[in-house]
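Only one chain is given next, in structure tokens, and it is the form predicted on its own.
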């Protein structure tokens, strides 16, 4: 696992971030109080503030971790692929895999940026934009190579991300399908919407997945 994932290590600070990410994902930022987080990790509120300066800083730390995780476990893996189709497949599969693993941290990137300060929001938004641009550039290459359907690459980028991120809303670890099966299906459906039939016929059925994130 990447060193970037150290925020979720099994120590007291890690427990705070894991718990807070899960609570914010399930209840929303505004509805999650520092008192509730402190109680959930068996700390007093002053004890919690020993580890975090405040609620906005806590949210920013979780979101920064999520972006670190995307960079280390999705972007870095995808960049190892020189072929644009292989790169896109790695992006979709690795991002989908993280959403079945990362305890809410990745999922709250979409919904909770309003809870950040203006400066924090700008920093997270810039990092998100860089990731979006990376996907769009990969699609631009596929279109130039004639391996993409005749759709706009910006539309395709956000459609792919929408399909991937929706996993956080419905995937259940205890459900009838394994993580691997879900990732395979999501990749098949998502890529089928943007690749030409010829490109799909020549594509491999799988790509490497990152290691599991501690629950």
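Positions refer to the first chain, counted from 1. Not measured: the values here are computed from a predicted model.
Only in words, not in the display: the form predicted together with the DNA, which the text now covers.
Can you tell me which of 53-61, 160-168, 181-189, 145-153 lies within 4.5 Å of the DNA in the predicted bound form, counting heavy atoms only? The contacting stretch here is 53-61.
When the contact criterion is heavy atoms within 4.5 Å, does residue 40 count as touching the DNA in the predicted bound form? Outside the cut-off, so no.
Considering non-hydrogen atoms and a 4.5 Å limit, does the DNA approach residue 172 in the predicted bound form? So residue 172 does not count as contacting the DNA.
At the 4.5 Å heavy atom threshold, is residue 28 in contact with the DNA in the predicted bound form? Although the DNA is absent here, residue 28 would stay clear of it in the predicted bound form, with no heavy atoms inside 4.5 Å.
In the predicted bound form, does each residue in the set 108, 115 and 128 place a non-hydrogen atom within 4.5 angstroms of the DNA? No, the candidate spot makes no contact with the DNA.
Sequence-ordered list of residues in 37-52 near the DNA in the predicted bound form, where near means a heavy atom within 4.5 Å: Sequence-ordered list: 43, 44, 45, 46, 47, 49, 50, 51.
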